[in-house]
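Take a look at this one chain, the form predicted alone, written out in structure tokens.
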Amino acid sequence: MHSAQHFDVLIVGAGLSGIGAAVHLQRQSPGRSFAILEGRDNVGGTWDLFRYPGIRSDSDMYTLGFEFKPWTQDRSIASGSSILDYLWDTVGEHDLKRCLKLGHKVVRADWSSESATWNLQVEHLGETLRFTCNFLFMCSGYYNYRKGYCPEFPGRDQFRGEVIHPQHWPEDLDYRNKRVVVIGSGATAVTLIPNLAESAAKVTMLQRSPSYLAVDSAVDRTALRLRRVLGSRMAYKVIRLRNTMRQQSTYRSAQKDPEKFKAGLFAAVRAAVGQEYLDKHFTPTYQPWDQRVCLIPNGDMFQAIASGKADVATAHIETFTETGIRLDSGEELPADIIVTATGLELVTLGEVDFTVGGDAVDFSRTWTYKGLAYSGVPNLASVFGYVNTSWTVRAELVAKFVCRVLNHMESTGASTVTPRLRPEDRRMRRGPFVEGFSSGYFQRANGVLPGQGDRSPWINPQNHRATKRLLTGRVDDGVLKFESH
């Protein structure tokens, strides 16, 4: 094993969170040595991993983009490739290429109390490298990059066509003039269907139950007008603030008066595909924002349905057959290709094995500190964004908070910072990491994610105002323990 390379801060992950964290570190906590370790051979994270047809953002780029770098393209709902270009532009503008280490996959992180450092094992080109750092900032996302979630389907082995998971889309897959069944009703499914329908013979969305769908324009005309009047930078600030507040207001409205919120969504669906389709296929049984609301930009999926190129089946699968899928109703959906858009497999901190003082860390037994750190685990922070607002809005608040923690450590001579339960916290009610969110991928992950308590700062609010208040308060709050070794 090679001798260790040491940095003040190591950022793990070069997606939106990691690149943004690096820029904030440069700006707000300068003078520290740092590197970005990325397991893939490209930046982008999600936007490099997913290669399926039509891959795009599911929220607007005025909020999914960085606060310090205006989004200047006309389309606010952006393609995966344009997001990658945006990220590489950011790398170039902030001279991050020199500290970017692609193809470096972190597999293990061991905390040494004696040296007050993290010791990382990193795989690179078949070798195991060592890195050490004083502070570890995990920006590696929240789902398994090796595989997506796919339930066991009866009879799968007898299907003679191809079965594809969107997370592993083959570059050479030819679906022209083919019959395609897409299993799922979430963001991936509703993105795939109109794009596949352009050249497939027929695309069927097969769902066990419907999702809420919202029709909106892929181009924000107000933003374009403001850009002409105010210029790109000022217009971006205004639109970013407006859209963030609008997202939060929409969420609050859905919680306060779900029937009114549903009525607006249903009216758009009814106008696109009619009452019968709405009743049969697009009326969920749960309340809005118990799961994410899926965006249909420019109504593209509904246009594919109206044209006859796509349709929807709402039923349970009895079995795969040689030539398709037989439903519990007895109906058979013929298929040449089956796409299992069945969701993500959540993991904690990029599946890295962590130890503290030689003991393995079980994050499911820890408490989350402000949704970014873990009780009893020193010199470690991670990014988890919002589920009801653009991810990056919260990611940047987290990055700024981490910079303030680092600055406080420097000014006080502290070598470690650790969230520790106070005596009054030890009997807290324990709740899930994200409360009030029933999506399957979160329910399946309850055994791996930390819990949140019933009092600040052991909480992970999904309300922007509350989060901003939480992450702009004092860092020496009596819960973060700053110590010198």
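This one's a predicted model, so the numbers in the text were calculated from it and none came from an experiment. Throughout, we count residues from 1 along the sequence that is shown.
Keep in mind that the form predicted together with a small molecule is missing from the display, and what follows is about it.
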Non-hydrogen atom within 4.5 Å of the small molecule in the predicted complex for each of Val12, Tyr52 and Thr389: yes
Contact test in the predicted complex: Ser57 vs the small molecule, heavy atoms, 4.5 Å: yes
Contact label in the predicted complex: Leu16 to the small molecule, heavy atom within 4.5 Å: yes
Distance check, Pro457 to the small molecule in the predicted complex, heavy atom within 4.5 Å: no
Tyr143, heavy atom within 4.5 angstroms of the small molecule in the predicted complex: yes
Listed range touching the small molecule, judged in the predicted complex by heavy atoms within 4.5 Å, from 330-338, 306-314, 105-113, 271-279: 105-113
Sole residue of Val356, Leu344, Val91, Ala254 within 4.5 Å of the small molecule in the predicted complex, by heavy atom: Leu344
The single option of Gly80, Gly350, Pro378, Gly161 touching the small molecule in the predicted complex, heavy atom within 4.5 Å: Gly350
